[in-house]
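There is one chain below, alone, in structure tokens, taken in the form predicted on its own.
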């Protein structure tokens, strides 16, 4: 496959992974602890109030599948971009503190503002988004203080320090919370796709679209940045601009994803490595493959989460962590 022209390989990549993702998206809403009839769900002769199949399909399952597709695609693509930016196969969206900032915003909303509503949108996703964007701004300002190219070492260290600080703040807020608030916070921190409506998806979608529009301009620069900033600059890449675009776009995608589903772990590590085993290391192929397979992978993980001990539904973050933990250890051994 590597000897074929890039256009052919791109068509095969998008076609193959796109077919898998489409099949998963079509089948996943039909599977669950309660069997449903698709014809009955779309029936116009049965009033919606009496149509249990339609309520399960359009309220419980379809928003969940769409959320999984959006979150999985965003986290997987962001992980691929960050691994190229840091030249580190273990880099992930959680590295920069954006997920931790989103978590702090959500915990504050759950503890102190859970009864407030801003229009049709719940306060927890909005507070999570604000927290993520605030963390992104702090890390960006620290790493770009010299007004030259972003320092990847400063990015990494700032992310580690911010993660530690925000984790302490989350513990402090949970200490002040009551039992019910703490339980809700812990459930959110595990990661879950049960949004139950389309409004949160619509609110997160613009950020994801902006992030993916920037991703589309990056593959060539990421291929050269993987060789190092000096090598990239020698080949005509505006290193500072490429680094800033990579950081901002991956942070926006992560912010939107975490505001929807909480900090779902390991998607940004697992998926980029899996697709590289199939398509190679060219980011012109890796980024679309990661986005498509990330969507399918998270939907499948959520399908496992809601059926493995049916009728009890697990948060999807448990399944991704169970899969991702051993995979992460394998990466460490392989890297060594």
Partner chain sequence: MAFLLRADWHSPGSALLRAADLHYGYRDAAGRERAFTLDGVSLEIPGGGFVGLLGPNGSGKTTLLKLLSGTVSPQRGAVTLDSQPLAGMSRRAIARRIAVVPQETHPTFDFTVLDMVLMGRHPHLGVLTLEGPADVSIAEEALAATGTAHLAGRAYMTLSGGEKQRVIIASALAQSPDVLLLDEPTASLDLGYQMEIATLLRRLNRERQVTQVLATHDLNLAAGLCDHLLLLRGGRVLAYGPTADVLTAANVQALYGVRAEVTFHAGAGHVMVVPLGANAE
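Residue numbers count along the first chain shown, from 1. Treat the numbers as computed from the prediction; the structure is a model and nothing was measured.
What comes next is about the form predicted together with the partner chain, which is not displayed.
This chain lacks the partner; the member of 217, 137, 153, 180 within 4.5 angstroms of the partner chain in the predicted bound form by a non-hydrogen atom is 217. Here is the short version: of 166, 203, 221, 130, the single residue with a heavy atom within 4.5 Å of the partner chain in the predicted bound form is 221.
Across the options 24 to 32, 60 to 68, 40 to 48, 281 to 289, residues that bring heavy atoms within 4.5 Å of the partner chain in the predicted bound form belong to 281 to 289. For the candidate spot formed by 6, 84 and 233, every residue has a non-hydrogen atom within 4.5 angstroms of the partner chain in the predicted bound form. Contact annotation for residue 10: at least one heavy atom lies within 4.5 Å of the partner chain in the predicted bound form. The closest heavy atom approach of residue 238 to the partner chain in the predicted bound form falls within 4.5 Å.
The partner chain is not drawn, but in the predicted bound form it has no heavy atom within 4.5 Å of residue 174.
Contact annotation for residue 161: none of its heavy atoms lies within 4.5 Å of the partner chain in the predicted bound form.
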